[in-house]
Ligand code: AMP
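Starting off, we have a lone chain in the form predicted on its own, written out as C-alpha cells.
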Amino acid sequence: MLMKNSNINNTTEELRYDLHSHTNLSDGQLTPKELIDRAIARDIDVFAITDHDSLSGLTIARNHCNDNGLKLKLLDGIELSASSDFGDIHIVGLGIDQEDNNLQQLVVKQKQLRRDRAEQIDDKLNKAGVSGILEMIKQDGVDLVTRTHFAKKLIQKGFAKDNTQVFKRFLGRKGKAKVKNYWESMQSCIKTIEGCGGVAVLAHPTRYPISNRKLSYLIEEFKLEGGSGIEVSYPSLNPDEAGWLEVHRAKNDLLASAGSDFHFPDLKWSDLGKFRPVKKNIPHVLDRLLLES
C-alpha cells in the first residue's frame, strides 16, 4: 500500500492503489458498484477489479465511475485460473482489452470448465450424502460458481465449522468432493493477456502448495513464457517471504505488483489497500500501465 495522493500523474510511490479484488460476479461479496464505492471510501487512487475468469463486472464498474464523476483510475482486469508444470496457479491480467476476441473466447471456455467442475463437485457431494448444494448456490443468482461458494454453503448447513475443515473434509486435495481441474495452460493465459495489451502477473506466489525450489522454477518459467509481473505484496505475506519474492522478482526482471485480493468486507486483514508497501525504486506494473494509459 502506497502513500495517498489523488493526482494519478504523480509517481507510483505517491499513489494509493489496489490491483487485485473480487466482486460478487465471481467469489466476492460486494457488487461492482459497491466495490468501487468502497475503494473511494478507502482513498484508493488506482484500482483493478480482477474477478475469477470473468469480465462481467468491468463495464458496470466503469459506468458507475463515469456516471458519478468518481476520481478513480480504473484498470480493467481479470484473474485467470491456469495449469502449469507445478500445479494450478492464478494469473492476474491488468490493463486488458475486454473487447479482445481471443480474451473473450478464453473466458467463455474457462466459464464452461467451471460449470463442469461445479456439477462434478455436486455429484461427489451427493454420493457423500450431501445433496442439493449446487442448487442452493444457483438460487442465490450466482453466475460463476467457485469452490468458495460450495464452502460457504457447506458451512452454513453445518457440514463443517470453518474453511479449514470444509476443505479438509470435502474440497481439498484429499476431500470427498475433490475434482481435478482442467484449466487453460499458463502459456495460453499469458499469451492471451499480453496479446490484448495487458500485463500478465503471477498472483500470490507463496500461496501455492509447492516448495520454494519449485516456486523459483515456476517464476522462471512464467517469465520465459512471456509473463511481465509478479505480486510481491499481499495480505498474510511475512517479511521473509516478501524478501524472497523480491530476490526472484529481480532475478527474473519482473515488474512488481500488489493487491489485497479483497473478497469480503468483514475480513479486515484483507481490506482494500491493506498490504505492506512495495519497496521504492523498483520496476512496478503501474509504471508501465499508467504510462500507456
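Throughout, we count residues from 1 along the sequence that is shown. In this text the structure is predicted, and so the values were computed from the model without any measurement.
Just so it is clear, the following notes concern the form predicted in complex with the ligand, a form of the same protein that is not shown.
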Legend entry - Answer range among 67-75, 110-118, 131-139, 216-224 for contact with the ligand, defined in the predicted bound form as heavy atoms within 4.5 Å: 110-118
Legend entry - Heavy atom of each of Asn24, Arg38 and Ser270 within 4.5 Å of the ligand in the predicted bound form: no
Inset, instruction - Could you check which residue among Ser185, Gln98, Asn126, Thr148 gets a heavy atom within 4.5 Å of the ligand in the predicted bound form? - result: Thr148
Legend entry - Exercise: His90 in contact with the ligand in the predicted bound form, heavy atom 4.5 Å: yes
Inset, instruction - Report whether the minimum heavy atom distance between Arg42 and the ligand in the predicted bound form is within 4.5 Å. - result: no
Inset, instruction - Give a yes/no on whether His248 approaches the ligand to within 4.5 Å in the predicted bound form, heavy atoms considered. - result: no
Inset, instruction - Flag His263 as yes or no: does it have a non-hydrogen atom within 4.5 angstroms of any non-hydrogen atom of the ligand in the predicted bound form? - result: yes
Legend entry - Interface residues of 41-59 toward the ligand, as seen in the predicted bound form [heavy atoms, 4.5 Å]: His52
